[in-house]
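The data below hold one chain only, encoded as structure tokens and taken in the form predicted on its own.
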Amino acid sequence: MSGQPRKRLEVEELGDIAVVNFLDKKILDEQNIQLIGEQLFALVDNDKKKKIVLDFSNVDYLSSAALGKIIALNNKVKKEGGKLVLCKIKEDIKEVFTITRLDKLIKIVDDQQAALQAAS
């Protein structure tokens, strides 16, 4: 295997907001999580995005390592004076955010429209 690592995210720019869709249904594999983290951090570091919406409509499973990347991204975005908003999270994944109290740390809304409003 050579060349570029496969993209794990699809990023759509709506004004100054980057809307990120995950391409993987299961975010469990350490290598994929590493790539996702790098691609997410690059939005802030390289593309200078301060408002990011993560759309989880495609995601069925999320590992705790993936949660770690989301927390790190949230810290990075906040440091830049921006906002991170999550949307369309399936119930069992949302439960993990609630149990770990991440729902207190990171804004979670139901749909993308609400997320865009919360991010702007």
Partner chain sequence: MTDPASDTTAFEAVEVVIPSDPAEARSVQDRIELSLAASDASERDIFCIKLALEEALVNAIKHGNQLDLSKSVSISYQVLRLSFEIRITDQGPGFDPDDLPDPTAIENLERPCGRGVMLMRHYMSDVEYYPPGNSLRMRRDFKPKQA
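Residue numbers count along the first chain shown, from 1. Small disclaimer: the values here were computed from a predicted structure and weren't measured.
Missing here is the form predicted together with the partner chain; even so, the following discussion is about that form.
- Highlighted residues Ala42, Asp55 and Ile108: none comes within 4.5 Å of the partner chain in the model of the complex, counting any heavy atom.
- The partner is absent here; in the model of the complex, the one residue of Asp47, Asp29, Glu80, Glu38 having a heavy atom within 4.5 Å of the partner chain is Asp29.
- Taking a 4.5 Å heavy atom cutoff to the partner chain in the model of the complex, the contact residue among Leu102, Val11, Leu23, Leu14 is Leu102.
- The closest non-hydrogen atom of Leu67 lies within 4.5 Å of the partner chain in the model of the complex.
- When the partner chain is considered in the model of the complex, Cys87 lies well away from it, no heavy atom lying within 4.5 Å.
- Annotation for 36-61: interface residues with the partner chain in the model of the complex are Asp60, Tyr61 [heavy atom within 4.5 Å].
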